[in-house]
Each structure stands twice: as C-alpha cells, then as structure tokens.
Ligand code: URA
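Heads up, the chain below is alone and in the form predicted on its own; it's given as structure tokens.
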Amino acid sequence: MEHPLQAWRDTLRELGVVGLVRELAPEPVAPPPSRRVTPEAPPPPPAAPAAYAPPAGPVACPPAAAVQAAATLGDLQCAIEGCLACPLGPGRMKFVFGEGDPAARLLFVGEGPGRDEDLQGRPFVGKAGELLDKMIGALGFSRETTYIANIVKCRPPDNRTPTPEEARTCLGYLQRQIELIRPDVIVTLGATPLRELAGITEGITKLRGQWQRIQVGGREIPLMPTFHPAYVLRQYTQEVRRAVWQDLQAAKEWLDRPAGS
C-alpha cells in the first residue's frame, strides 16, 4: 500500500523543494518467527549379530561317536563332509577334507582353505600350494607320498584366521585323521595349527624350527613348526626361505633316523 505522504513528497520533489521532507523509513518487516531446532537423535547402534545356531541332525553336526567309529579316511570323510556345525559351513563352496597317502609318514597341517581350495575342494592348490609342492619335492617326497590337511575344512570369509570356536569345532576331525594316518612327523605351517594342535600361543617367528610333542590317539608325535608358504611368498627373502628349508630338512632327518634311535 502507498504511504500517505508519498504523493506529497513526490510533489515537493517536482517543485525542486527537496530536503524539507525527510525520507520515509521503510515499514518495518517483522522477523520470521524463530524456530527451535531440535537436534536429531543419533541412530541406534547396529544390533549384534545373532549367535550361529547350527541345524540339528547327524549330518549337519556329526556326533563324536560317528567320528571315532570311522575306520578309514574315506569313512571319516563321508561322516563329516556335510558338517554345518560352525558358521563356516554354510558359506563354503566345497568341503576341503585333505589329500595324500592315507599311511603317510609325513603330515603337513595348514590353517584353512583359501579361494582356490574352496573352489576345487583340495588343500593347498593356489600359489602357496605350488610353493609347498616345490618344498615337498625338494625333500624327495611328493604330494601323493605325504598327506596335507588344515585345521578347518571350510574357507573362512576373506581368508581370515579361523576363530578359536571354529577351530575347536573342526579339530576333532583332524585329530581323527591323524589317528588313522599315524604319521611319524607333523609339520605345522603357520601359527594357527601350532596353537590348535600343541596349545602354544607364542609367535611362530620365535618357535619355528623348535621340536614340539603332541599326544594324539595315545601316540606321541614329534611336531616341527615352520612358516606358512603364504608368508614365505609375502616375505620372499633369503633368510625366510633358508629358515623354512632348515625346518623341513630337520623333519626329513627325523624320518631318516634308524628305527629305535
């Protein structure tokens, strides 16, 4: 709306009489009503994942009696290859039982299957497996004259270290394999099999090359800990390679000892 003095001011300005009438102040504009901003509440923390509940039944959770009743490696594999007793089972592609001579004198134990092993259902078939095959061949053995297994038989996600619960769930299967194979020497590859088989939690760097003893099925078996082939590939130095070769040679020398010595 036009201010009442607007016309009078314009008339005086046309007559050249300026300054006699002060400029009209603009009508005050009321400020917008203030809004009180209430800070948004933080989102609730994500819910903890529910504990894994394995399905019931002797196939999904093979009973200890069935494991012990297996008289051969083939029987044992049939008894446990449907296992879903830990969270690793539902996510696997293939169950990686192990392979080699069922009466092998030398047993290699790794941590768990990786991507290639999960696809093929065989232990140590990736780059680390190729290196292990070369190590075994340099000792005068082959994959077919030794036996190769892992602490867990299903691939952990992203090749992570198996949790203690996962390892304990699977350990009985490996122990029965050892009882059936009756190896003279076990070589553990990395820290995880040393921890699970011998109960030793010290670092593998400190303990590699030092003989240990484990009791399985009423037998005492010498155990030689060494680096995992995957570690050797990551730390491919002369020092690391020499250390592993010394460990494997020690295992070979033990096998070559005269009986009773």
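Numbers follow the displayed sequence, beginning with 1. Note that the coordinates shown come from a computational prediction; the quantities given were computed from them, not determined experimentally.
Omitted here: the form predicted together with the named molecule. The next part is about that form.
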How about residue 100: is it within 4.5 Å of the named molecule in the predicted complex, going by heavy atoms? no
Residue 183, heavy atom within 4.5 angstroms of the named molecule in the predicted complex: no
Does at least one non-hydrogen atom of residue 150 fall within 4.5 angstroms of the named molecule in the predicted complex? yes
Taking heavy atoms only, is residue 108 within 4.5 angstroms of the named molecule in the predicted complex? no
Answer among 67 to 75, 116 to 124, 134 to 142, 100 to 108 for heavy atoms within 4.5 Å of the named molecule in the predicted complex: the stretch 116 to 124
